[in-house]
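In structure tokens, the next block holds one chain alone, the form predicted on its own.
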Amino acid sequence: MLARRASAFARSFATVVDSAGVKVAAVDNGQPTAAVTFLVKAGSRYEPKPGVAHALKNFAFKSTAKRSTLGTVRESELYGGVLSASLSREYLALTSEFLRGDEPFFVDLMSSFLTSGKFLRHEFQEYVIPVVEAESTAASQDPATRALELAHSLAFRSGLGSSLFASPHSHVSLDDVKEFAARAFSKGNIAVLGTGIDSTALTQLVEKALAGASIGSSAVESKPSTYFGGETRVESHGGPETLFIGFGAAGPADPALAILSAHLSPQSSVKWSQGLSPISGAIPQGTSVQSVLMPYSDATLFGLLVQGPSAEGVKEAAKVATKALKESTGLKGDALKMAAAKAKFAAASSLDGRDGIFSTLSTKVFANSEPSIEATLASIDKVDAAAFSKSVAAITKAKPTFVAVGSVQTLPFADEVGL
């Protein structure tokens, strides 16, 4: 049943096409609203200076040769649309959501930022810098976010290890942002993704919007990712005691890690039930363990985020999580089938929303691979007990990535939780 539904969903995707040198893909399931995302290879892994990508993200929808910032806001609201910008380690995503039929306006609006953004000094000083500082401060005060940022830095150092947030000491200038935008906003670095819109119609709109545009054609570059691992401890107050226990690997995403993540996740399929995770029933009350899987184009970071009100409870939960992780190499039979089924459901259900669709499409579009969920489900089905054991053993033999955020004098070290 799941395979048939996935197949139907896959057929609704158009083949990725090149429109004016830009990759375009869309899916239309007949919903009353539509959305278009301009996806740009301008994530933090590509920035030439720390914090530049974060600043560029906050320049989105500011003044262009066609509209002022106020004009962009007023016209978008007249159409009832919603504009948003988000930044990941690999991509800058500019998204507009709107009623069907308003595609020409919103495609033109978003493309104008890429082709004729003004990057005005007063907007940089009065809006961009304050928002960058506020977002960075909020991130530094959230233990989970801080732990994941530190984990990436330890795991990959440069490239994927670059922070999503500008530090107070990054000293990003307006010229830095302009230079990065000029390099990133080139046709080889852009893909346009749509939902609720016909692929042919979107292709034509993109061609029209970018016709005669003065954007370049050079691709941004980043060194291939290498996994390192390491341990760090950061004092923090005002939030839960936090540990991140992780492992990484360079190369394409391994479907066995999706199964491992599903197996260890304490989230139950039945409300008020502890579920069958080897972690959920053994951790102290009040603590939580979250399975974290972050695949990228050329590497993956997998881990367990442990949080709780006391260092003692977090330590005990971390021991349970580490033991369960190491014992997972022996997963087989019905337990492996159940974990694989959960992994497939998680992959398929992520396509229920636009964020999941765009996330699934992003890497596939740039990699010129088939943008369907069918291939993902098939790759999970191919993982047998031997392949699963080999993958888990390989990743856990690497140097762990261990981060402690909170009361560092009482939080455990890596060797105290079984690593």
Partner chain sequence: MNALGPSLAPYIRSSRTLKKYVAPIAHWYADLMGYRKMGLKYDDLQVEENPEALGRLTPRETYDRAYRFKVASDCDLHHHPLPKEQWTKPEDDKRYLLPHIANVLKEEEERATWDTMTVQRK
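Residue numbers count along the first chain shown, from 1. Quick caveat, the model's predicted, so the values are computed rather than measured.
Form predicted together with its partner chain: not shown, discussed below.
- Within this chain, residue 70 lines the site of its partner chain in the predicted complex, having a heavy atom no more than 4.5 Å away.
- Contact check for residue 78: a non-hydrogen atom falls within 4.5 Å of its partner chain in the predicted complex.
- Among residues of the shown chain, residue 235 is not one whose heavy atoms approach its partner chain to within 4.5 Å in the predicted complex.
- Remark: residue 126 counts among the residues lining its partner chain in the predicted complex, judged by a heavy atom distance of 4.5 Å or less.
- Exactly one of the stretches 32 to 40, 381 to 389, 62 to 70, 347 to 355 approaches its partner chain in the predicted complex with heavy atoms within 4.5 Å, and it is 62 to 70.
- This chain appears without its partner; in the predicted complex, the one residue of 332, 223, 100, 121 with a heavy atom within 4.5 Å of its partner chain is 121.
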